[in-house]
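The same protein chain appears twice below, in two forms, each given on its own as structure tokens and labelled structure 1 and structure 2.
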Structure 1
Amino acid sequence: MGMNSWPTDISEARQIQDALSKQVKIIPLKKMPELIAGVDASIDSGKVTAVASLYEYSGLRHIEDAFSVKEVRFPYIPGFLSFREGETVIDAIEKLRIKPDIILFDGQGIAHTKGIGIASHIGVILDMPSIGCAKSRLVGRFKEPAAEKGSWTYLYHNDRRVGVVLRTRSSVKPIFVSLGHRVDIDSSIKIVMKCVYKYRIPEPLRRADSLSREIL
């Protein structure tokens, strides 16, 4: 799995990003998902705790949760987040008894310096459709979206549309939705909005986030 693909230093991490970035595929999502998972991680005293929460897409019904705890092996460096949480996040996803059709990540997809943020990185490794949902910007240019819920503007980076800045709640700071792997922008917007109940962050990610701290 991730034996030769988990680096200890930055130069090694860069090589992995260069290799994996070529494998990211931005193509139309084949079918709307029936099952969707949100994954997030928390850090505490040298440990990474990752949680994967599975939901039924239509109706947003919770189905199951899985988690994993591992030693921190990499520091947090902007642009290299996946090397800090990736290993644990993958383990949590693989512990789900039922496999999701698509995964939501707390971070960027291709809206990344090297075009391979955590959503794209893990999407490629697992070869599964994925979407990045970050609370703030890493790279890219954009116009502020209108104040109404559902409004969005494109996020551009290197003359490419890498995602959108999406207002999930009226008059509340927008989130940065970016293409992960095997998805397109229209599907990403539709899927993320469908997962929003009454808060800014999509439910699968909110649950994974709160559970990951609870497990600490």
Structure 2
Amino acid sequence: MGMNSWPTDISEARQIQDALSKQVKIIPLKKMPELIAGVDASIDSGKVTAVASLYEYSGLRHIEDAFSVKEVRFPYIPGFLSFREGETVIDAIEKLRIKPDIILFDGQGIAHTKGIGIASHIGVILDMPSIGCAKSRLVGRFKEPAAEKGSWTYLYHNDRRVGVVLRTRSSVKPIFVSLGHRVDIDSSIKIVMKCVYKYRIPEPLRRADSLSREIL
């Protein structure tokens, strides 16, 4: 079973997850992106629907969307949700006519019980910079950031900085930004804030989320 394969049982998934976790790289981003994609997936009635929404980073101009629908082949097991959505997510990303420079995921990066949530998992497989943007905390401890937009505090797990708790709008609940792959904390904060417009969630993710539910 290769590390890029999609197993149907927990023993194979655990082996793949352990191997991939050793390949996650937390390094400074070489340059700011020109193109950014937001990716989200929805599951219902035994099917996974994944959408990748591509944007121009500098002006946040929408360029294109791509989607994929597949059967759910992996059981619901906390800590292994990437194996339910991952194959469909990758298919949606690869259907984009233009390749993004970085991907935002609606989920966790290394702020995960196994140190490899979907942002890290897919980032490693595709060898692309990736960032996890979650609406709630999965693991870790933190201090509440100040109420002003742009305020943030570190998220710690097992005495390691795994991301930040970021206030994307003043006096609105923060989001949990965790490092995925080939990116660092400073770059992650800048990129997520650049992609926030009127709402709490970065625009590429908002669009991907809305479309995935609409298609589903």
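Counting starts at 1 and follows the sequence of structure 1. Take the two forms, find the largest set of C-alpha atoms that superpose within 1.5 Å, and that set is the rigid core. What you see is a predicted model, and the numbers here were worked out from it, not measured in a lab.
* 1 or 2: which is the form predicted together with the DNA? -> Answer is structure 1, the other one does not fit.
* Asked: Once you line up the core, how about I98: does its CA shift reach 2 Å between structures 1 and 2?
  -> No, the C-alpha position differs by under 2 Å between structures 1 and 2.
* To do: For A146, decide whether the Cα shift between structures 1 and 2 is 2 Å or greater, given a superposition on the rigid core.
  => Superposed on the core, A146 moves its C-alpha less than 2 Å between structures 1 and 2.
* Asked: Quick one: CA shift at I77 between structures 1 and 2, core fit, Å?
  -> That residue's C-alpha sits 2.6 Å away in the other form.
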